[in-house]
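Quick heads-up: it's one chain on its own, the form predicted on its own, in structure tokens.
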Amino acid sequence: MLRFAPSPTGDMHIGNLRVAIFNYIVARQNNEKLLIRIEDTDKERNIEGKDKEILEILDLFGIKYDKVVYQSSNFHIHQQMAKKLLDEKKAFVCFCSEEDIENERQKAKKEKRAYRYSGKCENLTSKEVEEKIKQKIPFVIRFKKPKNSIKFNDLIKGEIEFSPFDIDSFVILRKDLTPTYNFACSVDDMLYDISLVIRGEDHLSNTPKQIAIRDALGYDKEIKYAHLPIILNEDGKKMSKRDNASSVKWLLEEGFLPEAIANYLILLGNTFEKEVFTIDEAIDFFDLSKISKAPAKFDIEKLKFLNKEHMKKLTNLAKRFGVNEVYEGLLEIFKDESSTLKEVKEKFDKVFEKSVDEEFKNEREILKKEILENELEENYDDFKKRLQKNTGLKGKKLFMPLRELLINQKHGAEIKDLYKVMKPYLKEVVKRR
């Protein structure tokens, strides 16, 4: 089984969506199930409703999964596993206060060295531990750092090794006895028989900790790992929440299609024979092991190109925008000259707004009077000839104000094409100017 394990702490990041897409594709390729595990152990950071939003996004992108579980439902098992490690002397009770830990951190910072837990509570006797618990001194449970290095083969990055110093004696149960990320994650990967973990490389330092926990608990089944390179913004820095394009929600609101976003994220760090495809088509040719090891830079212009390609397949735009079917032809024209659905909608809405452009104001008034006071010709050529003859306008002074009367823009589609689709409601539109 594979798993996608998001935290309900904010809007879904495109890096997380990429992880979800790759897990879905590989699960389908290997005929394995896909689990969605909502990692809600950090109560203070959880945002109500974000879990449902995550599932809605997955559904929108066509990512099919077999089961949804909440990590918090396994707290009792996490606590049992922590007790097992305590009983076997593979974990210990730590009474160090937050102030003590912060002082140690500051000392390490001044000495320009990486902070590591001092080991102060590791050798407390059972009697000392019992006495402190009786005194109701708050405590956490720490995992004893392994004695040997942890090695594993990453399917993207190759052979990787971490020393015991890198792993340290980290906290596995907080003061309220809830599990920390690494402990809950490693136990749950065991519980759900996860075979492969695909995630971002920002989790790379967590992997040896999770392997060490499973080893200490006696779990001997190998779990493979693939850590995806980070996505960089246009400045070449790691994409953060400050970058609008990092939010899947923002991209959707900007009018990018789920099919195009998925297409783009699969292409990042990959090269395929075809460039425009769907998630399900990618199942036939995607190869996890061939993803580039280097970070990939996010290119909004490339996404716009792919979005334009996927928009070509769209039909029933009027229904999509909730407007009368009579406007379908106009929406199709706007679709052909736009990169996003938002652009299409903005151009469409502008048609029904009052013109505020002062240039060609007189010409617009002359044309407006001529159009409203006469019957419209069947074809555009006859319509154009009458306007030229009766108004005396020609060239730029005819076509620019005429286009403005039709779509409220000086530049855009051919007026001949606009006339053909707008004829049934052309006078209604012109009155608004």
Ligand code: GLU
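None of these values were measured; they are calculated from a predicted model. A residue's number is simply how far along the shown sequence it sits, counting from 1.
Below, we turn to the form predicted in complex with this ligand, even though it does not appear here.
*Asks:* In the predicted complex, which of the stretches 152-160, 335-343, 106-114, 197-205 has residues with heavy atoms within 4.5 Å of this ligand?
*Replies:* Heavy atoms within 4.5 Å of this ligand in the predicted complex occur in 197-205.
*Asks:* Scan D51, E370, E39, E32 and let me know which has any heavy atom within 4.5 Å of this ligand in the predicted complex.
*Replies:* Of the listed residues, the single hit is E39.
*Asks:* Which listed residue (F321, Y181, Y219, Y192) meets the criterion of a heavy atom within 4.5 Å of this ligand in the predicted complex?
*Replies:* Contact with this ligand in the predicted complex is made by Y181 alone.
*Asks:* Examine C185 and determine whether its closest non-hydrogen atom to this ligand in the predicted complex is within 4.5 angstroms.
*Replies:* Yes.
*Asks:* Would L2 sit within 4.5 Å of this ligand in the predicted complex, counting heavy atoms only?
*Replies:* Taking the distances in the predicted complex, the answer for L2 is no, it never comes within 4.5 Å of this ligand.
*Asks:* Are there residues in 227-250 with a heavy atom within 4.5 Å of this ligand in the predicted complex, and which are they, in order?
*Replies:* Going through 227-250 in order - heavy atoms within 4.5 Å of this ligand in the predicted complex - there are no hits.
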